[in-house]
Structures are given as C-alpha cells and as structure tokens.
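What follows is a single chain, given as structure tokens, in the form predicted alone.
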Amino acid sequence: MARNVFRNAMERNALFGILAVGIVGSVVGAMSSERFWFSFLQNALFMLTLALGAALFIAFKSVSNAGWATVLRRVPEAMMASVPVGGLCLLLVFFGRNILYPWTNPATDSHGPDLQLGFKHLWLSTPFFFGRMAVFLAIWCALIFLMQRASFQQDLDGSVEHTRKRKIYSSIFLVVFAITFSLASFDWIMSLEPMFYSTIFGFYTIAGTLTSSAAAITILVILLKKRGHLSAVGDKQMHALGQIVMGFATFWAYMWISQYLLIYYANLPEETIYYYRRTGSNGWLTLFIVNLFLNWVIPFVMLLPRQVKMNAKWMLAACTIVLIGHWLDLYTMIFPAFFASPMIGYVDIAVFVGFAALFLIVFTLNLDVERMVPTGDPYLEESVDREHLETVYSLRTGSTVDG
C-alpha cells in the first residue's frame, strides 16, 4: 500500500481542509457569481495540463532512451495520475456550457451569422463537443495507464521487455497527444470566442503545458529531496531539469511571438479582435505584458547561469514564477472575451486553492515512499552520479529504503 509522502497528520488535514474550503467557495460562487465557470475552466485546465505535461515528460524520456531522469521518474508518474481526476472535473463544464460557450445557446447571435454556417456549425455542436472531450480524455487515460503499468511491473520482475513496451506506448501517446490536444485546445479555449481562429494555437498551448509541467516536476523533486527522499538525485538531474524549463520557456516565447506577429501583419478582423480585447484596456495590456515576463523573460534570465540550475532555492523561485505565469496565461486566454477589466475575486481564489489541494492529494496518494525509485529499470545506474551508485545498489538488494 502506498505511503503518503505527507506523513504529518497536520499536513494531511490541512490539504483536505483547503480542499473543503475550495469546494464550499466553489458552490457559493456557482450560485452567486458569473465568474465561477470561467475560473473553474481555467483551474481545471491548469491541473490537467500539469498532469498531461508530466506524461509528456515520461514519453519523451522513453522514446529517446534518456537515462538521466530514471531516478526521479516516479514524480512525473505520480503527477500524471491526476489526468483522470482533472478530466472528470473538466467534464463538469457541461453544466456551465451556456455561460462559457455562446454557441451552445441557440438564442445567442452576438458572434454573427457565420457561426451558423458550414462546418463550424457542425463542429461546434454540444453533443459533438462534449463527445470529443470524453474521447480525448479516455484515450489519454488509457495510454497513461499502460505506461504506468509497464513501469510498475518492471519493479517486480526487472524485465527489459517492460522498457520496450513503455517505449511503444510512449510513441503512440506522443503522436496521439499532438493531434488530440491541439483539437482540444481549439475546443476548450479558442471556441470561447468562436469567430477567432489561429492555426498556431495548438502549438502555443502545448508549449505552455510543457513549460509548466517541467517547472512543477522540478519543484516537487526539490521538495521531496528536502524531506529526505530521492537522495540519489544529484546535480546532473537538477542541471538537466533547469535546462528543460529554460528551453521550454523559450519555445513558449517563440510560439507567443509567432502567433502575435502573424496576426498583427495579416490584420484580419476575426483574428485581431483576440488581441484587441487583451490590449485594448490598461488592465489587460498590463497582464498581456506581464505574461511574457513571467513565462519567459524572468525564468530565462534566472536560469541562464550554470550554477543557478544546481541551486535549490534559485530553482524553486524560477519554477514558481513559471507556474504563476502559466496560470496567468490561461487567465488571459479565457477571461478577456467576457470581462472588460481583470480582477481576482473570492471565487477565483476558492477555485484555485481547491484544485491545488486536489492535485497535491492525488499526487501524494500515488507516490509510494517505499517505491520512490524504479529499481527494476535498466537505465537506473546510468541515471545517477558515481557517488550515488552505492545507494542504487542498496535499493536493488533491498538493504535500505530511499524514503
């Protein structure tokens, strides 16, 4: 039976208490505030993208035969266990569809007659929309389950065959995810403004997913290491994680600038309205600029020196900024189309803390202290530095436990 990393009763109770506060606040918000469903969608996507990004991390590692991350693989595996929970939460958006998506209400014609014509009318139909959502989530959950099963079975028998299976499942996941998540981002975010379109939007959301999940993995690895776990994680892993966060942040910035410049130069009304809403007032313009700084400028500058990537406090600060930036990025993708100015209310706070607590609860329940390191993986010895080889050998023989 998995042992919770948060073994302190006070911490466990605090998480469940925060979750209860989030649930109560969400119920009150759903009954009294029009902001609730927008905040619910934003935070459900925030939780889901962190979990999906962790699955991408595992998949990239598997198909590339990268050995360096093997010693910390259980962290993203525990994170991606939140995909089913985040998916179920996202399906609840069905009950707020008429508030979020104007095209679900036949009486709404504020987005013009073109919405009622051609393929867009077929694509943006409620049954097809939520049917696609369920199919996407089911496919992701199935492939993640197969990846996890192969990983844990390898601890039992040490067979290299499980590495081959995990590589096959990961290859399928990467191809399927690239297609389905792009379509999902069109559905769940872009269709909030159904007359807007951007062919680069899917890559943009994938870039945000990769950056934020890499930052979350780094934060959790550092915190677990501070608690006495993952003692075999060394400078090699921390430096690689820092490079990944910095690289994905730059990829996000490239997508951000590319989308903006393409729409700016094309100057088509159905495209420029997206940025007009996000730069047309001082409040939204400020967040528009801050978004770029939080997601790229600040973490890039912070993580550029080599030694910084091996400094736990500096890495925690940089990765926390990235997570705040990803949350803000989702905020600026969802809210400007419906609210004239930005604000954060009690509903937004309640929904956020509720989802944050839920994510941590699911994460800790799926992280087994006694199986923190994948001892059956053939890449484990390659993963660690020389000074940690003795720890790995003791873990494999069962003489000690790396808590």
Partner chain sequence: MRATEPSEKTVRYAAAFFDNEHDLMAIAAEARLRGFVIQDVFSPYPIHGMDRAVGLKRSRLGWIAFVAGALGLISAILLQVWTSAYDWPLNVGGKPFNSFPLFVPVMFELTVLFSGLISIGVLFMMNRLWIFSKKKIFEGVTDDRFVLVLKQEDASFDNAAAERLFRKYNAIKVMEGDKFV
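Everything numeric here is computed off the predicted structure, so don't read it as measured data. Positions refer to the first chain, counted from 1.
Keep in mind the form predicted in complex with the partner chain is missing from the figure; the text below concerns it.
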Residues F128, R132 and V160 all lining the partner chain in the model of the complex, heavy atom within 4.5 Å | no
Flag K236 as yes or no: does it have a non-hydrogen atom within 4.5 angstroms of any non-hydrogen atom of the partner chain in the model of the complex?
-> yes
Indicate whether K313 is a 4.5 Å heavy atom neighbour of the partner chain in the model of the complex.
-> no
Is there any non-hydrogen atom of N267 lying within 4.5 Å of the partner chain in the model of the complex?
-> yes
Give a yes or no for K226: in the model of the complex, does one of its heavy atoms lie within 4.5 Å of a heavy atom belonging to the partner chain?
-> no
Ok, F152, F94, W327, Y254: which has a heavy atom sitting within 4.5 Å of the partner chain in the model of the complex?
-> Y254
Only hit among L122, V175, L156, L261 for heavy atom within 4.5 Å of the partner chain in the model of the complex is L261
Of 186 to 194, 132 to 140, 298 to 306, 218 to 226, the segment with heavy atoms within 4.5 Å of the partner chain in the model of the complex is residues 298 to 306
Select from 125 to 155 the residues with a non-hydrogen atom within 4.5 Å of the partner chain in the model of the complex and write them out in sequence order.
-> none
